[in-house]
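Shown next are two forms of a single protein chain, provided one at a time as structure tokens under the names structure 1 and structure 2.
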Structure 1
């Protein structure tokens, strides 16, 4: 009874005469301080989009939607078409995903389901170190090590066995789409493997125990209980890796060949949007030339936002589940 009386007296002191609790200025200030950074990020993204759109308007008015499917890129005559750059960006990113995703999923399954705790911690640390390597370092390694290896070891056997396919036809240069895809795959592996590992570890232990109770082997447990449960997270990881490869600049610029052409062979040089922006932005001698480059940057910006937004949505969906 004494505690109840004391509690009622304390509550009466805290409550105003009307009975409603006062709004605490400290809570409001704290909430506003946390809301402000989020609004700053949103405003920053909107500001970038508005500035890019304004700078790209001359090219948008001049070429219209045909800018995306026109192949001619002629700064001398002020004729610009972004199709070779769009093709090179998509082709190199898809190739990186095709090469990197199987390796990433193998690493994720090993770390989440097979490796011991100490081994998993060590390998996870090494994978994160690979993600921390600057892209220009990977580009230099690609020029001096990867490109000669691709030219002498990888491309000749592929041409000899699969040369009848357009993908593997033509002379072996070393510098080209294949080298760019391998470089991007190396950069994609840490992202996809880390997110996929977290998605697999989020699978409830009861799923595994139920399969083991039915007499399933470890592979059957991984295949029928773990992978289906973590499917959304794995798909989100793959899309995140695609977004990582889609916007990469320096490493790709140094090994892709930088030739604005559309060739079906992986051995041929190509060009990406990011590489074109890095190489040609300082050389833009006319306003229309500069506007065309900014329009390509706007396309890259929009696609990157869509891809990363879809990936984050899938990963958050897996987390909620």
Structure 2
């Protein structure tokens, strides 16, 4: 670009004779060397998709789309329906979002609108550290601290007050969907809160001042100017959190109870796709069993890609505008 601006004479002056060619060659090699890894990543994703589809083919042929909405998971008779896992995955992720999003939004609003610069920086850093905790550790904490706490402190009062709802009925196990939802919420909060914080920070100051100038209080400015403006970014953050909860394996496996059932109660154990994959691959004895697991992996893979893609599109649209 620069070269075309200065014109040929200047170019002749700037570059020693014969110097241009090797430099261009070096440039091209350099660019190639940097483009290749990028392409490799894309190819890798495509390759995974192809491999998964290939390996899932026997199950896809055998059960068709009904795989997704039948709930008999019977390795002994080689009948596989993924519905309990699909349900467990969706239910635990939705629960994580329901619990985690209000907290994350509170954190984001505090960081972007209320906290001073230094407090905000420190707190952001701490919250992002939560995301760095290995999920096995969260899982262990879930088994030894969270699950007993849920069983003794959270579930009995919920059952006492809201027990007439199927959602909160039945005995308190501790280990189950609710515990998984809480663990996932903890894992989702750093993502959702930091992405929404960025979305709120991207709201132009003029929007806030315009609302102030109409006689708004600080809360009204946040409620009527900042949050609506940052809406698409916040939605993106929530979807991103959803995507995070979706694919999370270890911590969930440790607290969800791993029982392939669709129970109305949040107190009951459930099973997620990711947990089933981790637990059952080693014991998949028949080819069809393995293929059915791979098909679930394919579903998880596709949904994760879609969800994360959508979220990133929303977030980038917001922060660019």
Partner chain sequence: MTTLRNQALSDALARAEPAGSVGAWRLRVERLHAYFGRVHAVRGLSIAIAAHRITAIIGPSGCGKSTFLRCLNRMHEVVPGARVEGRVYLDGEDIYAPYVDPVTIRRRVGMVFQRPAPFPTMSIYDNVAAGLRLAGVRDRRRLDEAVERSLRQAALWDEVKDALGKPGTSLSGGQQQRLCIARALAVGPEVLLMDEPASALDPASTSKIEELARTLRETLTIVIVTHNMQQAARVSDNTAFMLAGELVEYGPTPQIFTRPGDHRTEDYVTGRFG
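Residue numbers count along the first chain shown, from 1. Just so we're on the same page, rigid core means the largest C-alpha set that superposes within 1.5 Å between forms. Just so you know, these numbers come straight off a predicted model, no measurement behind them.
- One chain, two forms displayed separately, with the form predicted together with the partner chain being the second of them, structure 2.
- Comparing the forms between the two structures on their rigid core, the Cα displacement of residue 285 stays under 2 Å.
- Taking the rigid core as fixed, one finds a CA shift for residue 31 of 2 Å or more between the two structures.
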